[in-house]
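A single chain comes next, written as structure tokens; it is the form predicted alone.
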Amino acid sequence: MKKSRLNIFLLMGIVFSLILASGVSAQAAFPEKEITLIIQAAPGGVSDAVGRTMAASAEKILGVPIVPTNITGAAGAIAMGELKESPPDGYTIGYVPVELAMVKALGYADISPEDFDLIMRVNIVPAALTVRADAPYQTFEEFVEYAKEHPGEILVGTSGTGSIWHIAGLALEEVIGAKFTYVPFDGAAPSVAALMGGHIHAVTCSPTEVLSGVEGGDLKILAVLGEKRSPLFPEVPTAQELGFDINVMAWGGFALPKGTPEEVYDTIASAFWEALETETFQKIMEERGIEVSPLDGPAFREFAMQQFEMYMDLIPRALEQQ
């Protein structure tokens, strides 16, 4: 009888060990299926370029496909809302732009950086004022003069009402003392296409997003609205160099839904950091004029919250002037 009980206890111990081993193995197996990467802008812009390049590099490291999905609208609030409500299992990742710090101030969604597990910041990009090559103003100074003499006549395309490129236009208005009329699009790429087609007069987006138009001779950058010149167009001055104090930049990184298990978070973060450092990723970012400026998760969270607090103060004041 005692021997029989001993055998039962031994059998139970083996079964319990197998259950534990199975659990450990299941956790260690992440990822087991494809991962969705939500990108908040239309194809063709900076967000899409960074997101798709990272996905292509990181999926080789993780061993499963990372499928980019573009969800546009409301300055990224729709995409970030989708990410926020996704299961925190690691199978949905989001590219989060500067608008992460803006959409609450804009009244689009009750979203802040604290609603996510931030993986890393990847890039920063300054705004630039770009017009058609055949525009009646060929320099930034001529544009300023024309804008002042024709209030409300210059149609400025943005990547959505309340987007960072809209805020760049508002900041430019305030600094030069002019008045624009804004035309929102679902991302920078459609706004640039509208400029190419002659439907609007200017855009205040990144140098990257107008690169092909400038190289083709259809567009002209009048000034970079950041602290330093763009490596893509080193001959183009900054507005600050010309005596106008303006500095507007976009930034972007990656995030997971809040509450993602630590081991899953660490697996993804490790893969993304490894992907960031690959020659392929760095080369594509350089070719697109996207400045790689990485921050790890905790540093990214601190930075994003500082930006959040700034925009919670700035945006209501800027919109009141409209």
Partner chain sequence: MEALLVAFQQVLQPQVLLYLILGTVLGLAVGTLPGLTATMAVAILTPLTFWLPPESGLGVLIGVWNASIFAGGISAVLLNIPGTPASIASTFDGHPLVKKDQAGLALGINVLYSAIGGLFGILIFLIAAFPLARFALSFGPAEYFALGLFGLSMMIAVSGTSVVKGLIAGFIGLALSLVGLDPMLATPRFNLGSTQLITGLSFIPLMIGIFGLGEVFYQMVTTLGQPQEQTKPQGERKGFSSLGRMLVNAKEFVQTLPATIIGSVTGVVIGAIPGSGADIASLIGWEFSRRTSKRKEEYGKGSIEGLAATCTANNSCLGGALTTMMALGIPGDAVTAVLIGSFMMYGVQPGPAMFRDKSDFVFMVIGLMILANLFFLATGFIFSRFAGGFILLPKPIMWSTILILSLVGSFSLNNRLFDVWVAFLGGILGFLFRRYQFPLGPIILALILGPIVERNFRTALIISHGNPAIFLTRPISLIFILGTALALASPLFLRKKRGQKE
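Just so we're clear, the structure is a prediction, and the values are computed from it rather than from any experiment. Positions refer to the first chain, counted from 1.
Only in words, not in the display: the form predicted together with the partner chain, which the text now covers.
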Residue among F116, Y108, Y91, F140 with a heavy atom within 4.5 Å of the partner chain in the predicted complex: Y108
Partner-contacting position among L242, I124, A135, A193 - heavy atom within 4.5 Å of the partner chain in the predicted complex: A193
Interface segment, criterion being heavy atoms within 4.5 Å of the partner chain in the predicted complex, picked from 249-257, 277-285, 264-272, 292-300: 277-285
Close approach of D186 to the partner chain in the predicted complex, 4.5 Å, heavy atom: yes
E149 within 4.5 Å of the partner chain in the predicted complex, heavy atoms: no
Partner contact for G197 in the predicted complex: the partner chain, 4.5 angstroms, heavy atom: yes
In the predicted complex, T208 touching the partner chain (heavy atom, 4.5 Å): yes
Full three-residue contact with the partner chain in the predicted complex, heavy atom 4.5 Å, for L155, E215 and L319: yes
